[in-house]
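The data below hold one chain only, encoded as structure tokens and taken in the form predicted alone.
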């Protein structure tokens, strides 16, 4: 099994469209989608994010990190939330992504594989420590 992250992205136009939707219907559609993934045994994690205006950005462009508050001056896309799936392949992740109850202009789901321990040298000191930490946290 491989882990894939489905990253919800949207635009300001999509956000305006979303705000016109019946929130209880949105929650019900998301709940049904999550339940389908749980029943299929593929849902590992998922969270929605609060408004970007409540967030901050840490910019590493200079020598020292610079923190700025949201909202952001020029937003082309907003990161709205994610799901992490344990699936057999990218094709399976894409099939689940296509079933997401999302709509609206500029609304997208980005599908990315999550690195696993097989992607790193097993004898690296930090990789060994991370494996131990995951065992301690019960997140293996």
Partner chain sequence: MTKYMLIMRATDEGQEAFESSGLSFDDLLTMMGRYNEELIQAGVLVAAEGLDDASQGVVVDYSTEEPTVTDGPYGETKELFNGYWILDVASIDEAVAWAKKAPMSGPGIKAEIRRIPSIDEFPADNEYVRRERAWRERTGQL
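Positions refer to the first chain, counted from 1. Just so we're clear, the structure is a prediction, and the values are computed from it rather than from any experiment.
The protein also exists as the form predicted together with its partner chain; that form is not presented, and the subsequent description refers to it.
At least one heavy atom of residue 7 is located within 4.5 Å of its partner chain in the predicted bound form. Contact annotation for residue 127: at least one heavy atom lies within 4.5 Å of its partner chain in the predicted bound form. In the predicted bound form, its partner chain sits beyond 4.5 Å of every heavy atom of residue 89. For the chain shown alone, residue 119 is a contact residue for its partner chain in the predicted bound form, at least one non-hydrogen atom being within 4.5 angstroms.
Contacts between 41-61 and its partner chain, taken as any heavy atom within 4.5 Å in the predicted bound form, involve 43, 44, 45, 46, 47, 48, 49, 50, 51, 52, 54, 55, 56, 57, 58, 59, 60, 61.
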